[in-house]
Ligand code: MD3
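The chain below stands alone and is given as structure tokens, in the form predicted on its own.
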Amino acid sequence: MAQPFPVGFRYLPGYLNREQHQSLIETVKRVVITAPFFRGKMPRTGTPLSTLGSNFGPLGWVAAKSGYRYCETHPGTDKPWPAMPPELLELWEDVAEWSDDPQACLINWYREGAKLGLHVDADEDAKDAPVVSISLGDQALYRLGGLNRKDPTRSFKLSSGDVVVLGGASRRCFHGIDRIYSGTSTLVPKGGRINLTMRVVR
């Protein structure tokens, strides 16, 4: 029997229509000209992540051998991150149920074979603020667990246009991406899945 969703977790399938998908992808394409995708590294080991990343907003999340951190500038260009697009701020206002705007939006690009192990978003001071995640492009197998790493999990597919909100108690739940279903969408240039994750940091 499937595990029930944790309190505060919301899965909003098909929240964005095709026109909205395309608009967001075009915005990402413009942004990565000045804030190019980079490959982060695992703390301590320096092992490269399987995803590529960039950011919108006044703060950007960066993974480096020295540790995870939020910073005001791109690690490669040393320039400020591009501003948060209005359509993302509108979506946040519609679904987040939180008074403050997000300060960071991580842009993760999953190519074929990329995955993200079970983890909790824990680098923010605002630990009660929700995390809002938008899927664009190829389908992904999303895994959601509980407050402890060994709690039972449930898995389901995320498709382009789906939105997930980790709020309330679910904000501290383990979650991850087990696999990408390559070729299930033609939205992303060169293929893959773009995930946009908005967070309040401070």
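Small disclaimer: the values here were computed from a predicted structure and weren't measured. All residue numbers are counted from 1 along the displayed sequence.
Only in words, not in the display: the form predicted in complex with the ligand, which the text now covers.
- With the ligand omitted here, the record of contacts in the predicted bound form names 171 to 179 of 27 to 35, 42 to 50, 149 to 157, 171 to 179, defined by a heavy atom within 4.5 Å.
- Although the partner is absent here, S133 sits close enough that one of its heavy atoms falls within 4.5 Å of the ligand in the predicted bound form.
- Using a 4.5 Å cutoff between non-hydrogen atoms, D121 counts as a contact of the ligand in the predicted bound form.
- In the predicted bound form, the ligand sits within 4.5 Å of a heavy atom belonging to Y142.
- Contact check for L116: a non-hydrogen atom falls within 4.5 Å of the ligand in the predicted bound form.
- Residues of 177 to 202 placing a heavy atom within 4.5 Å of the ligand in the predicted bound form, in sequence order: I177, R193, N195, T197, R199.
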